[in-house]
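Given as structure tokens, the chain that follows is alone and in the form predicted alone.
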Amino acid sequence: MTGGLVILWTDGLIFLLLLFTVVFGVYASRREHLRGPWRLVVRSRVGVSTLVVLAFYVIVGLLDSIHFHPLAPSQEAGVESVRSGEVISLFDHLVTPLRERHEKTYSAPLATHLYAKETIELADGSVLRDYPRLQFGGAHLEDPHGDWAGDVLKLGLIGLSKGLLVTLVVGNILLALLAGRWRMGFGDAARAVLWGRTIVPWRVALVTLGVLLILVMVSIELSTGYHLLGTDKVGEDVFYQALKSIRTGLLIGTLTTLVMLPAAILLGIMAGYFRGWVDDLIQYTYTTLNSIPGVLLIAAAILMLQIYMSNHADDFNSLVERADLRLLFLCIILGVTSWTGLCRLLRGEAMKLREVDYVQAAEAFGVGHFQIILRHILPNVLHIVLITVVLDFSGLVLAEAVLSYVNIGVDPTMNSWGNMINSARLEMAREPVVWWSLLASMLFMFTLVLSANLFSDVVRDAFDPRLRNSR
């Protein structure tokens, strides 16, 4: 139940970026020089498979970007509920059990007891040194030592069955839609997809989607009775933390791009097209900026922001808004320090395009510079922009982890893979070793970065004119 929508700065920007992506998709669908390479991307087995994985991350990130004040029970008579001062996301609402089930401290994945021994006082007054039972993990088991293995196996099989059932339903819906589009019978369409006889590798997409659905269903079933990836020092579910960190990783990779693109495109094309003093000024600007270590700029900016937030604490209604502003500021600083590489590439390409015959003819006929740039230069450098954006995404995701590790990244109260790795630094040095926080963050980050890198390779090959012509 919601009590009032809350639009954070990053929420508005990420949905603005989503709108821009949709507009660009419509624009590209009407131009063959952009539609053709994307056609090659969706015909690639690796491209389709990674698209399915990336879509899962995007869906979780979008659900986590819809914030609101939940309704809380009222203490007054006759009033059922009031708006809470807490700010949560739609994703938080959907996974409420994961968010609210807190243990006392560390517990291992799928455990029924705490990870370290404690002094337990028995009913008869005697004292025992043992591993205490968890409040939620495995609380439904009467005999944890004897029933644990069978219960985990049962929940896993239930999740597997549900995953296969959902995959079957989704697959049949997709096959029905494809049969209608291809104007053939359902059986013929099913045989074409299952035997891999389609131009678009729908079989690969279905297999990848099926694996993801099975993993999701198994995780849901196991999470109902246990902490799937254990708990951290304060007893918070690590699986929940890893899922919440998806939004932070996506925002760092996408909003930084939104900040970087205008300056890189505008200044790069201006430097290559106008040349002269304009080129000299722009070159001097990005050369000077490249001479300053980016980490120092980021650290200085974050420290200045922290001082501002400390002096104006009343301007922030919640810790979520405070952490959101720091994340936005980090994206801006990363964008300011990362536009120079793309600017250099566009400068060189614009200098080459300025000398081609159709641009020279347009200048001879008196066409304005703005129209030449808009009609002839910009459309011919969009493939470079797209390739650079896709390639830089994974690097920005990893940059967040590094910056948070040295305490100049996102706010410590915000869930991120970098903060999880930073906290795991001390956990790996204790005895016994707490390894699951590091493993969970690395697993989720590795999957996202690997998918983004594989997808970027496919996009780069599709938009490379030499490789496309060879095909």
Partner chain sequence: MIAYILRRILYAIPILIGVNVLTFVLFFVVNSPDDMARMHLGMKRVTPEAIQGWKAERGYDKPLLLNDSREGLEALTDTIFFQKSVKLFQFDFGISDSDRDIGYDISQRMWPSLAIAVPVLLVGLLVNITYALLIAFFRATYIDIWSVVLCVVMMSISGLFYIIGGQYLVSKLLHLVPISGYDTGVSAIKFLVLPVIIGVIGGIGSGTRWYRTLFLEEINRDYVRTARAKGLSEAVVLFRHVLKNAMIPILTGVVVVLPLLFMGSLITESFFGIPGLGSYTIDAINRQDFAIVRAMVFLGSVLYILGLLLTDISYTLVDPRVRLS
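Note that the structure is a prediction, hence the values are computed from the model and not measured. Positions refer to the first chain, counted from 1.
There is also a form predicted in complex with the partner chain; it is not shown, and the following applies to it.
Among the residues A361, I292, L215, L157, the one placing a heavy atom within 4.5 Å of the partner chain in the predicted complex is I292.
For the residues A301, V152, A205, V95, the 4.5 Å heavy atom test against the partner chain in the predicted complex is passed only by A301.
For the chain shown alone, Y27 is not a contact residue for the partner chain in the predicted complex, no non-hydrogen atom being within 4.5 angstroms. L296 belongs to the set of residues with a heavy atom inside 4.5 Å of the partner chain in the predicted complex. Contact check for R39: no non-hydrogen atom falls within 4.5 Å of the partner chain in the predicted complex. The partner chain is not shown here, and in the predicted complex it never comes within 4.5 Å of any heavy atom of F56. Residues with any non-hydrogen atom within 4.5 angstroms of the partner chain in the predicted complex fall in just one of 48-56, 62-70, 399-407, 29-37: 399-407. For the three residues V356, L382 and V390, a heavy atom within 4.5 Å of the partner chain turns up in the predicted complex in no case. Contact annotation for 421-459: residues with any non-hydrogen atom within 4.5 angstroms of the partner chain in the predicted complex are I421, R425, M428, A429, R430, E431, V433, L438, M442, M445, F446, V449, L450, N453, L454, D457, listed in sequence order.
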